[in-house]
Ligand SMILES: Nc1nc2c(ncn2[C@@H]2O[C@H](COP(=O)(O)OP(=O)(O)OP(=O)(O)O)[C@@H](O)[C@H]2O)c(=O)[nH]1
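In structure tokens, the next block holds one chain alone, the form predicted on its own.
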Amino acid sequence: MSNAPRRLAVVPAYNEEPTIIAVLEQLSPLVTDLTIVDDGSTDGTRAKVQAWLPDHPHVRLLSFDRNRGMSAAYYLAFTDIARRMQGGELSPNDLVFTVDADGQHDLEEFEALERIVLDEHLDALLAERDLSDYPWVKRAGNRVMSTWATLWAGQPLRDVESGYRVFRIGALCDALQYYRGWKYSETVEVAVVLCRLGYRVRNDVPVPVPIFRSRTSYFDAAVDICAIPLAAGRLWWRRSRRTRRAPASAG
């Protein structure tokens, strides 16, 4: 009997009607469990996914009635995964991949990323995107954000905004206690929290980016900059409260 971890994937989608089915067709055979979160799309995204679902029993669709942001979409999927792990349906050692619905993540790298996680016993691998074809403003902003995150994480982070990631479910569910995310801040928060919790995290495995796509604004960047120290502070505060309560409980 194989002890290999199961592969899960989470795909958040907001108004991705032109690309969503092509991404799902390529991703679906690679995983044993696939969750799509429709984040209140106003185009035909949800209808296309619903029409595609019947022939794919290992795929589930979660949805919001209105757009709530990528962080909320991820949080919905991750809390559902945590519930299933706690119920014994999933193992803490199973792997969950996050993949964008717009086709910017190269799924040819999928198995190579998994192999690195398993060979190096990592808890999280955040792929480092090749941003050489991106506008210089985007590259500079990413560098600033990653440097700021490195300061609070306590270890080097080279592309903290990358959404192409692999997590061990146990580590991811542990991190959920310390962040919620708003707008796009989930990616930066979970990276910092996992590092501060002492999990084994890499963010230096380069992957190509087939297409350029960015919906983030300067306001979103400001949110992320604020979210990073808040996530680190929230973790410190909650852990310190638990430490203070422990002696009282023991007495």
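Being a predicted model, the structure only gives us computed values, none of them experimental. When you see a residue number, it is the position in the sequence shown, counting from 1.
There is another form of the same protein, the form predicted in complex with this ligand; it is not shown, and what comes next is about it.
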Requested in this report: State the residue from 24, 13, 9, 228 whose non-hydrogen atoms include one within 4.5 Å of this ligand in the predicted bound form.
Outcome: 13
Query raised in the report: Quick one: of 75, 134, 152, 110, which gets a non-hydrogen atom within 4.5 angstroms of this ligand in the predicted bound form?
Result: 134
Query raised in the report: Given that the partner is absent here, does residue 101 sit within 4.5 Å of this ligand in the predicted bound form, heavy atoms only?
Result: yes
Query - Contact test in the predicted bound form: residue 70 vs this ligand, heavy atoms, 4.5 Å - result: yes
Query raised in the report: Any chance residue 186 has a heavy atom within 4.5 Å of this ligand in the predicted bound form?
Result: no
Query raised in the report: Is there a non-hydrogen atom of residue 42 within 4.5 angstroms of a non-hydrogen atom of this ligand in the predicted bound form?
Result: no
Requested in this report: Tell me, please, which stretch of 167-175, 82-90, 117-125, 134-142 lies within 4.5 angstroms of this ligand in the predicted bound form when heavy atoms are compared?
Outcome: 134-142
